[in-house]
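One chain is shown next in structure tokens, namely the form predicted alone.
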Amino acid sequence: MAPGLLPRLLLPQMGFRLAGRGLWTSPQCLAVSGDSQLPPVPGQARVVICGGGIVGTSVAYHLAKLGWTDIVLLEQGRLGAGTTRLCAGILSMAKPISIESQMANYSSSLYQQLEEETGVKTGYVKTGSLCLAQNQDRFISLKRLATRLKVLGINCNIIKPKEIAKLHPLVNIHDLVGALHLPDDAVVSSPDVNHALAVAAARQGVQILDRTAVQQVVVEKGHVMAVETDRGSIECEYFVNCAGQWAYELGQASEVKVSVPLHGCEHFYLLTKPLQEPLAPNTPVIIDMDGRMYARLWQGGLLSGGFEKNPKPIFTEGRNQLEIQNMQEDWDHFEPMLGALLRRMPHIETAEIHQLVNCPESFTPDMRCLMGETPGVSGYYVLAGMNSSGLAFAGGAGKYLAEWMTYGYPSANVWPLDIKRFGNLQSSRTFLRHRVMEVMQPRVQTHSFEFLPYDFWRYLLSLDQSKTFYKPDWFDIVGAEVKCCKEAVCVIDMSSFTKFELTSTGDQALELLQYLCANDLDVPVGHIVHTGMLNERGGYENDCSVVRLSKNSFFIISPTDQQVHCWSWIKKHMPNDPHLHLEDVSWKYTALNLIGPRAMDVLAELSYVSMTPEHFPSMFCKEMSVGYANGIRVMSMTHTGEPGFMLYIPIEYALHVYNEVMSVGQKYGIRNSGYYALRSLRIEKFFAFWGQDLDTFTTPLECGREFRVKFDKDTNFLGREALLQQRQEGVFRRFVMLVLEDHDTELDLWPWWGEPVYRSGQLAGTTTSSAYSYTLERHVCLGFVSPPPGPEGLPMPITPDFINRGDYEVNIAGQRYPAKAKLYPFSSLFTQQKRRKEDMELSNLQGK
């Protein structure tokens, strides 16, 4: 490609002016003015938004739409002059998780109608996109994605290489297996969309001030009180951190520090001058994940970028917007992506280069954006860390955050994006620098894995790609672990689980838990209660086990990723009482899960105490000595449905207890086990797990847990009224177990989660988790199904008869497999069938 002149990118002419002149729409509200005179900063506002990029203006726009007034948006430099100005402008709905696709879908609709609403042209062109596959693994991942997108109502098709060539004549198809075509994807001018959102927000009374830098957020007694800027202080009730790559520094700048785990990286894309043979304006965007590049039309030429194997972190500390937006090009660094572009589009080799753009982007530890209220400061919200998808997410994310601030929670399940999914570890700057370099590599190389839960994704990165979607290499290892759990004894380290202690001098701890929990916590000392902490809608905010240690002391155990969320939920509802104390003791205790029928023998030998059910009943806790260690909390539960015990060990004794358990356990066939075995055991027992099967929109009545709801306990509990109403009206979806039939474990694709479920040929729901059951020797999926709408389009209550009488299929990458659906575990039925089969084989053998 021939080098050409490299003039700097200019802001769009519509509404933006350079050299000291700014954006003018409503002078009283959209206050971007000349250098010599800046309008005064208001002394008071209801909400202050920091960040004048497309994310910040979207939040302002949607808050105003929901009726908020006294909104102030602050920008340290020029409005939209950061990453928004340099955005590649690709709007695709092909995203790894459903909530991201929903946000992108909404953004697309919003950006289309903004021009009519504001009169500002947004450059919206519906081009469609082509996600290319160079190998069968990639093709399978795209098929999986297509099934999920169709459930969301997003138009997409799997196409063959010849069809790719018809849609985009420049694409070299010789090494392609196929592609995913999304006809409704688009390109748009990100600065123009930002301008349109700002204009619309200003017309609704939002005051926008540029060249006003936020210095810190003033917090008193855990609540936002004011925002201090370089031009004065603004008293406010709410603050929204939309500062993009500066969001981390802004969170750390205040006396009460807020963790915003993201890190900036340099991101490069190339602009060419107009091609000699121009392409049609609606030529699709190309996304070549195996080649780590993308390309779209740009002013008659091409815009092409990608994600390199060796990303370059940005160090934003002490650097302002001007320094970041004028970052230098790096042709040596971009060379691999340029080579990928020329391999995919060899005919553009003679195209003349216009510019290499260095566009800073911010990334998070799991490549998902950060959204929601921070756990430590009430009224402090964050929307940042867009992972190079800010344009696609901004519209939908702004809408959901505005709903969150208005109603207490958005209209969709955004837990995968909730900032409270991260803990203190992820706030380390060094960790973030290292992690962002790690996650950006599998982002493109192993895109197929992004559809898995995080623990699965990390594990599968080490597997041979040819076996990614089929029977994995660890199949026999996990099978041996499951067998050991059922016949001998296994040890699983579950120390990462969340552990809290709630204590009081009087009945305050019990009263708080009785209000927060649906089950009855007024039980004898030593008893364990499984319960949900529900919200006002009756949905699960937390799913936990609670042990009554003493009259006024409780031990709360929750899933690992619930640590910050559960803490903030309890603290949110705790009265300001010095006699009531909540402590996070997750780091104080190592947790070992002893699973299997010989677990009682191991513990009995180590403690010289009988561990039989007569002496140690189920769902009971005792403080015991194990080996030479004292103060071990031993609980008769395993989270799997198998017999065994949980040991919560003071951390200083952890290694001793583990060594003793393994030493004594040798005679009983003990072995270490892992979470895949636990997953298989809990799924075949029909145990739901928070974050995968349960969320804030799922109620106990929908997942068959009404027995854990005590409507008749003496005190009212959060969510009770919603559950009573649901019990009266009926539930409209139900959690079911689906056992696959006619599915060959050796040859067929494996289910993961998110697969569409069909009942009698009609879409009825999706799976939420799955595992191979070594007991049933079949795949088991868990998920929700719903009946079709009634005559007037209203949802219909679901009945057991509806579930039991249907013919079910699970769609795995476009192939439907028949399944049996039940509201209770299949274990007993299949165990009986297997025993009858073995008896018949034995009798036949004896007959010979």
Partner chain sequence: MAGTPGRKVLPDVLSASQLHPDAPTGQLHPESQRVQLQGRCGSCTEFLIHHLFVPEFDGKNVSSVMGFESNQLPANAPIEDRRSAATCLQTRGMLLGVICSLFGVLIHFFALSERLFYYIAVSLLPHDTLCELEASVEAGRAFSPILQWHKHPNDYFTREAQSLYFNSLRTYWQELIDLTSPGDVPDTREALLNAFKRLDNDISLEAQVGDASAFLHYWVLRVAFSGATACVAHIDGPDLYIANAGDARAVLGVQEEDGSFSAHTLSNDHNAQNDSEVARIRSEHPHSERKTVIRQDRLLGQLMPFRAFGDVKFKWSIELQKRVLESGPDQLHENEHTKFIPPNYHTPPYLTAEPEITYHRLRPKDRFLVIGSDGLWETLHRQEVIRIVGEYLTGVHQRQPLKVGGYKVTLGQMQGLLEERKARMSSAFEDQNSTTHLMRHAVGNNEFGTVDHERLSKMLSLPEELARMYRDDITIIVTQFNPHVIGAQRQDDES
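On a predicted model such as this, the values are computed, not experimentally measured, just so you know. Numbering follows the first chain given and starts at 1.
Separately, the form predicted together with the partner chain exists; it is not shown, and the next lines address it.
Though the partner is left out of this view, Ala351 does reach within 4.5 Å of the partner chain in the predicted complex, counting heavy atoms only. When the partner chain is considered in the predicted complex, Glu652 lies well away from it, no heavy atom lying within 4.5 Å.
Interface residue remark: Gln328 is counted as part of the site for the partner chain in the predicted complex, having a heavy atom within 4.5 Å. A residue is said to contact a partner when one of its heavy atoms sits within 4.5 Å of a partner heavy atom; Gly339 meets this definition for the partner chain in the predicted complex. Contact with the partner chain, judged by heavy atoms within 4.5 Å in the predicted complex, is confined among 200-208, 738-746, 280-288, 265-273 to 265-273.
Distance criterion of 4.5 Å from any heavy atom to the partner chain in the predicted complex singles out Glu335 from the list Glu729, Glu335, Glu116, Glu255.
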